[in-house]
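Given next are two forms of a protein chain, the same chain in both, each as structure tokens and marked structure 1 or structure 2.
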Structure 1
């Protein structure tokens, strides 16, 4: 997409400069062909291809990346309030809710149920997935998947008041083996 854009940009600006500064440039092309060629035949195929690719890519991301998952996704909940995120783990018996840090296992698709009870926030972990809004009165779902253990930074990306810039959180990905232990330890604290 980036390379294509650079090409198109150079094409249009180049054409502008050429028509202005190179005498008789493009005179042999009839106005009609200029318009039909550049205005319709140039953009249409590109847009068509791009739109379908985006649709396919969107479906892929909605599954949380990866192939069709065999395992059902692990469900967790993210609840935004002014100005912190609270996470709970309905699929894991006895897990206590955490705030500011979301613990997930690696190699498994996680389905996050995103909600809010005050204003609109938006849940975003740039390195793992796109964003989804937390809207009071609605629940939204986002799937993501971390293949490697580690800390992934997250932010609130919808303006939600003076604490917006500080409404950060961390997604901590643990290997499958460590995961339960990490959650239990979190509860013990």
Structure 2
């Protein structure tokens, strides 16, 4: 999407610079036609391509990320309280809940069940997914996927009181082989 927006920006700037620096470029085109052509027909193919890509990626996550064999999403529960996140892993037998660090496997879609017990929080991992609110008495769902191992920062993006600025967490993505070992090690601490 960033590449598409850069392409669109460069096209518009290029046309603008051509009208300013190239003698008589575009002078025969009426202002109305510039608006229609530059404002509708120029960005339309790029915006349609970006929309198609976003819908395709959304469906990819909803199906569990594809791949063979088709795996159902791994369930993780994220519970927000003033001013921390607590994560539990109901699909992993014997996994101990963690605070401040969410462990996920790479290459697999993870369904986060987001909830809160006190005020509205917002669960957001900018590099992996959009954000979703954690509302008391209600469970919301968010799917994310990390394609490579690493640490990804997460925040509460809804002001929830004086400790809001410190309500950060880390998503630690592990290879499939290291995932269970990391959960076991976390439980041993």
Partner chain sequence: MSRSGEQHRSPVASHHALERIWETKPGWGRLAAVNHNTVGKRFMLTAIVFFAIGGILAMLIRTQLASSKSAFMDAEQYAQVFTMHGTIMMFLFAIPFFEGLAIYLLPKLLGTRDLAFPRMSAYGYWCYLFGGSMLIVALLGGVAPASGWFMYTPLSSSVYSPGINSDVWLLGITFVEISALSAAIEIMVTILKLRAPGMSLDRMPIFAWYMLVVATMMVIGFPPLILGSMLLEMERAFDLPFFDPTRGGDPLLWQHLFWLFGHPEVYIIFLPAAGAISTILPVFAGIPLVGYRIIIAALVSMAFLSFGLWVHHMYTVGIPHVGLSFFSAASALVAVPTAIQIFAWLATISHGTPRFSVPMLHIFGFFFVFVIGGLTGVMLAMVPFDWQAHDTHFVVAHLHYVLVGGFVFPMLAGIYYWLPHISGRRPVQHLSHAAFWMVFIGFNVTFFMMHLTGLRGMPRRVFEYPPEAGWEVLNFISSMGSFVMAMGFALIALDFILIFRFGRPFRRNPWRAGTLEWAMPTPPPSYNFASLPIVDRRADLLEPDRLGPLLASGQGYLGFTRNGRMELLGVEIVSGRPEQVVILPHRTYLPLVAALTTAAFFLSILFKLYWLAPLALAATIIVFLGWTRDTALNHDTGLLAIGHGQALPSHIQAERPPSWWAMVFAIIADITAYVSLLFGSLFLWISAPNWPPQQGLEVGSAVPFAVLAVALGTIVLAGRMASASGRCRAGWLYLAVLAHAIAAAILVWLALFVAPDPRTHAAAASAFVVLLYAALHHGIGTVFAGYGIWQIRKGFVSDKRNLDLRLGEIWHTYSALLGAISALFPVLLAGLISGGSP
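Quantities reported herein were computed from a predicted structural model and do not represent experimental measurements. Positions refer to the first chain, counted from 1. Note that the rigid core is defined as the largest set of C-alphas that superpose within 1.5 Å between two forms.
Here, the chain labelled structure 1 is taken from the form predicted in complex with its partner chain. Superposition of the core reveals a Cα shift of less than 2 Å for residue 163 between the two structures. Here residue 18 counts as shifted, since its C-alpha moves by at least 2 Å between the two structures after the core is aligned. On the core-superposed pair, the CA position of residue 48 changes by 9.1 Å between the two structures.
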